[in-house]
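Coming up are structure 1 and structure 2: the same protein chain in two forms, each one given alone as structure tokens.
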Structure 1
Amino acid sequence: MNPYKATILVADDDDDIRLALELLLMADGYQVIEAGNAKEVVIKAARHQPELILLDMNFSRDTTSGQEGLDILSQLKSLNIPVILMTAWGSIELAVTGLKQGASDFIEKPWNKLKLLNSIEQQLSFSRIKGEHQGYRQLLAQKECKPWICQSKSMVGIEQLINKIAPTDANVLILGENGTGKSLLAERIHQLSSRQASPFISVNMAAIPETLFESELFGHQKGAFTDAKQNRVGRFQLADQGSLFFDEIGSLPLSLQPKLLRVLESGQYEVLGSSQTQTTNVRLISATNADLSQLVTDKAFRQDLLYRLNTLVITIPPLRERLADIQPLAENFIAQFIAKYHKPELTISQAAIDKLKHHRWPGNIRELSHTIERAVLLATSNEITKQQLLLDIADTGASVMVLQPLEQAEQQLIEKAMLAASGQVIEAAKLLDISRNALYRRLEKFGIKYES
């Protein structure tokens, strides 16, 4: 096992600077490889595959322009090794040029030891996470992509629209009821875009506590606050050059909206605990089931932020308006769940299809998925019948309202939602349009069992 934290290539034509950096880095647990000229940098980087490169921007050719460092940077790009640029001639323009050409960070000589070590640790941490993410993407690429079903007239229209807008970098706002497939549509837009080879990072805005908002989106440095025991890479950095999907954007507290607006306007932000400005280049896709215009009227959502989000707006229809999609969706879910539960081949009867088409689907595609999953588990032959869909109770409840104590009605509604969601609290809470914590309180109150 390598006893060092990481191997770093120090590339500088000054012997004293290389020695100073070697002593500093080795004292902090790093292994150091040195390169004294431009040719050595590329050769040693390819041969030793270091985890990070500290690259001087001025070698023998000149002393101030930084062009030699930029030339080397372009040669290193194919190695996918994070590079921190160094120069004694601080220049904002030069820093921006280097960052645009693929550098991870930029420092000036003489360096601040703590800032340099923090930058190295942050870039190594990000590189590891990015590697894990890329590995995950490659794993997904080996599997079948999620099918995109659009046989209904309304969905054919949406498909035609996203084929036009996906290749652009315009921000997209997706509207629609819970469970209609907004996140799947966001992924579809990313897959059809010019950024498809870069990360697609999804963020559920409703799940981020207000106190952790900046850390989640922008990252933090070790020691930035009490529980910051190690560096954390933010979602904007993870999604750089790719697409960033903000689900449930309407739930973002008003107090946090200016911080998001700033990075959307300028592409700049600061990692929590660092004064150094970072840049990001992402394509933003947002989704919500809330009426953002009404929230603006109620002064609960900033109008200028809405204008940043809604360059293009797509409204995805509820399942009850997509009858032509119900059968192919159901058949896709059947194939998915027989593979998951190692069941024999199953078909679905025409009577069951008709039953599906006559259901109201308040939970939309998510509810259809749970219904089919339950039917696959209950199937006793090679065909799913309409009885195994267990939709009669829900249909009866829709047509007949029985007067009963409010608390009793609430308990029955929660029990039905838990059944429809196959016991998953988060999914049941979405069907009921209440928070997860609110549902937990009611489950405890009524003594309804659930998986923690």
Structure 2
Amino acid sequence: MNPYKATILVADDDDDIRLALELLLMADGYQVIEAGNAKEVVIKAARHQPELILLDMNFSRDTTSGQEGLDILSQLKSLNIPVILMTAWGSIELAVTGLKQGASDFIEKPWNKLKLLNSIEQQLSFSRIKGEHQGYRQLLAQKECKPWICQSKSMVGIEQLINKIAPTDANVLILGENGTGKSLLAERIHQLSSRQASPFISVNMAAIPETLFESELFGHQKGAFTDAKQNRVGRFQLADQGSLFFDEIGSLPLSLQPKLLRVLESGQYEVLGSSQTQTTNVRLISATNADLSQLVTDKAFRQDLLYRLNTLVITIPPLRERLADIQPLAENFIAQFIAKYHKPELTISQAAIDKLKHHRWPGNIRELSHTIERAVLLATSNEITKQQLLLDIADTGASVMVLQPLEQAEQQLIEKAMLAASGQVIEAAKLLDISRNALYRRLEKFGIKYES
């Protein structure tokens, strides 16, 4: 069996860049072949048939037009290999031309490692899907994307809900603590929608500087303002016919909210520096961990904008309230990380699973994934032990207990345990470390509902 995830051809005239990419890709399990000039790219691509090509746009040091990259791209077309373009920062226009001429994606230099690896993974899985029979395409598209685990009652409910609402064009607002899976859910809604073949464009509202907001969303024309050296395509145009994901919508400054509201109300906007009105057709998905209604009360978020966003609201519960998901998630992360670090098969002990179920998980699934990654690296046998989770020093939540009558505290703890155990008495009793009968007695005493 081939030990590599895939073979990638790295094409760049700069030795240092090729080396940096080679190290990055090899560490992530890929085989790398290199090409340092235009001719070599085409020859090596044809000879080695790599699964993917990373292509620089300029091969002679004195050119920046990107024409060389586009020429190579057209020569590579017949090979049907996905190509990710590497463009200089800010040359979105060139990237868009490249995409129109058949490139699969582009990445700006200097690259963000995670983004680059994600893009590679995504393109590889797309091209595998494309290779399959047309009829299976949709099925595979769902299978090939990031796993989506939903075993707990609340997550099964969410799954049923999104199956119903994804095909509609209704705007969706996703709420939930950090790391509960809001971004992943947004992508899943897109994949289950009729827009799945069109782009899913994600915008992090917290990361856009106020001065660049309009240019980022609506694009600009060359010369529209001092730094506008080239035309720029905005996110609304990139996402046209697809879905636009506004992440961290709660951190959008009040001053920018009317600009967003206008395009959401009318579907119309102008590219900066142009007087021509553009129309856009996007499905809007937004997410936040902020309490938007509180922000509205505090006059930090416009109510009319909130009404545009929250046609449907999905709240993802924190991980500590969906214990049934913990074991399958942990097992899924173990599989993921043993593949990443080329480790032999690993299981997890029952004591370790119990420990995971008792942790408070302020960082939710992301924190669980980091915990498992660390444990996989620390594992010395073929089983992860509870000590290797290194959860003892972590916040157990004890500090949030306030002084109150003992009986009241007892009732609260029992209600919490029942919620976390999705109403299963046996599971809740385990969490509280009391017998099933002892729990039944208390449930009766406090009049807490349970399934018998």
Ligand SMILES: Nc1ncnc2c1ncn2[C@@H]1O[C@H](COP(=O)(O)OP(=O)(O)OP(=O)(O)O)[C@@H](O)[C@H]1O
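Owing to the predicted nature of the structure, the values given are computational and were not obtained by experimental measurement. By rigid core we mean the largest C-alpha set that fits within 1.5 Å across both forms. For numbering, take structure 1's sequence and count from 1.
- Looking at the condition given, the form predicted on its own, one finds it describes the source of structure 1 alone.
- Relative to the superposed core, Ser198 undergoes a Cα shift smaller than 2 Å between structure 1 and structure 2.
- If you fit the rigid core between structure 1 and structure 2, you'll see the Cα of Thr180 move by less than 2 angstroms.
- With the core held fixed, the Cα of Val83 is displaced between structure 1 and structure 2 by 2 Å or more.
- Here Lys343 exhibits a Cα shift of 2.4 Å between structure 1 and structure 2, evaluated on the superposed rigid core.
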